[in-house]
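Structure 1 and structure 2, given next as structure tokens, are two forms of the same protein chain, each shown alone.
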Structure 1
Amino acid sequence: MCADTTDFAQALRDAGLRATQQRTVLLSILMESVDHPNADELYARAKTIDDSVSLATVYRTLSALEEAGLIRRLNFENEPARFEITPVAEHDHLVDIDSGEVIELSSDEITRLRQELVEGMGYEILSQHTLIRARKKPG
């Protein structure tokens, strides 16, 4: 998905952040990513757009974007944190343990069942995330 950089700048301002070139670049990269890049991957991609971006800037920007609720940090076992735009609808992730590929899983049925279970126990879901580690079956 490709959006105008003014949309990214407005999203940053709406979140209470200054719309710097580096923040706009990183937000646009995450919006257009089909994967869930880590900080080093984001840095490499950002350098192709703006060679003034440093790795320290990437880490500071990711922290600010996460704190503002614009992105979400995904922590997987024994791997660097990965990042995604904060989803409109909650979803889970499947990690292929052989390739490292991260696949988004979205299911209205699972969401409904999770909601029923939690409400039945007298709770309200504030956030949730399920990580499934899997290996492709042979054949």
Structure 2
Amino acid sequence: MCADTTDFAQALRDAGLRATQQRTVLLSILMESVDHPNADELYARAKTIDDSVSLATVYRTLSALEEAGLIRRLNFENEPARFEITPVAEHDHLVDIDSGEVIELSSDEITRLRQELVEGMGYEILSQHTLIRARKKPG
């Protein structure tokens, strides 16, 4: 009994969502994406599998998956939102402003430091995300 079978439909039901064809397709695409696609890109990829999906459903599904905690919405600057499967370990993002490449930064120590700071102020953190814009150093 392998618990990690890629049974996307079951994953949806486990999260309390109805396992529709469209949601299953979108979840599977997100699962195998190594980049951080936006809604339009997901729409394009989904249509190659099931060309009946609509953009409205892509947006509605992304909101549903986010609310269920299955995915995370990334709000970068001056561009449409991107999405990733909810990471097991917290991480931040660095955007290479020349290439547009998005790099994930693990940041255990920094996350913990910030948590202590904010909790000392009487708050509990719901989410935290750092966005770094950077450029490759010459040499």
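Fair warning: this is a prediction, and the values are worked out from it, not measured in the lab. Numbering runs along the sequence of structure 1, starting at 1. In this text, the rigid core denotes the largest set of C-alpha atoms whose superposition between the two forms falls within 1.5 Å.
Between the two chains shown, which is the form predicted together with a further copy of the same chain? That would be structure 2.
Under a superposition restricted to the rigid core, does Ile125 display a Cα displacement of 2 angstroms or more between structure 1 and structure 2? Comparing forms between structure 1 and structure 2, the Ile125 CA shifts at least 2 Å.
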